[in-house]
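Only one chain is given next, in structure tokens, and it is the form predicted alone.
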């Protein structure tokens, strides 16, 4: 009976993810933090998997950061989203996928609100027409971009050149997966696996050869929290959350961290540098940090893409120890080269955490 109940609960948190034909919107902060990740997402879907995925330069931010910081009201934020849906409708698509988990949470919230309160949707349609002379259909299906890579994880694995395996020992790498709060916690039924046991990243890592590490603070927030970071006086709270996670995972000696949220990726990468500079403590091996990757970057590495084309030189924590552990080929002298092979600059390295 208990087993049957668990099977029923698990089935409630599964998603039907369409196979093709997606309207895609990028993340405003990912384009600034790790822009190559989104380019890699499109490259893998289009060139490796032959999928139809469309984007338009006319799309904008979803308004999420301003909304969560209480800089704009919900009605304004919903009108911005309505315009995104209008662009999708105009392009002839009905499956909508977004790169940012904050956007995913807001799209889910908006659609649920409109479902429960049709009068709100009617007001937003009026706002959109008055401001833009545009109309829209709601998406037939909404997914986060990590859902798509989860769906196609075995197809990617079949094309992989490398596995998440230690080339010397043959053992699977120890992988920490970190799920963005706005993916699983706001609307658990919208994510793969719900809030407590989301499987979207774990499924990818396992399919690509890695072993997922469980640890006490696995579901703890990275600490971004919008007002925890964007209000300068509150940034200590943001750092403390990430510190708590690193301290909790340290005894398990993870080889890497994989995330599906642009904020989580950024802060779990950058805060390791801050902690090292403040306390001289590092969480990786031999004075390095634990490298943090987006799921697109990990997929690209397994497919044999050049690490610098994936933008891994923009990470604060050095990735080379992991590349060496897997046996991925790379040219260290090309790390900071720009277009045309010209050296952009060599960054100033921190004092207390090793960087290659």
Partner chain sequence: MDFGYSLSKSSTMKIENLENSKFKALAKLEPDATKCIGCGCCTASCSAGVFADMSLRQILLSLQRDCQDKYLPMLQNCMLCGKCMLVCPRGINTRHLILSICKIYGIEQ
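Numbering follows the first chain given and starts at 1. Source: prediction; values computed, not measured.
Only in words, not in the display: the form predicted in complex with the partner chain, which the text now covers.
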{"item": "Exercise: residue 115 in contact with the partner chain in the predicted complex, heavy atom 4.5 Å", "value": "no"}
{"item": "Close approach of residue 189 to the partner chain in the predicted complex, 4.5 Å, heavy atom", "value": "no"}
{"item": "4.5 angstroms heavy atom contact with the partner chain in the predicted complex for residue 271", "value": "yes"}
{"item": "In the predicted complex, residue 86 touching the partner chain (heavy atom, 4.5 Å)", "value": "no"}
{"item": "Answer range among 87 to 95, 158 to 166, 257 to 265, 227 to 235 for contact with the partner chain, defined in the predicted complex as heavy atoms within 4.5 Å", "value": "227 to 235"}
{"item": "In the predicted complex, the residue from 199, 152, 136, 243 that sits within 4.5 Å of the partner chain by heavy atoms", "value": "243"}
{"item": "Interface residue in the predicted complex among 239, 173, 111, 120, criterion: non-hydrogen atom within 4.5 angstroms of the partner chain", "value": "239"}
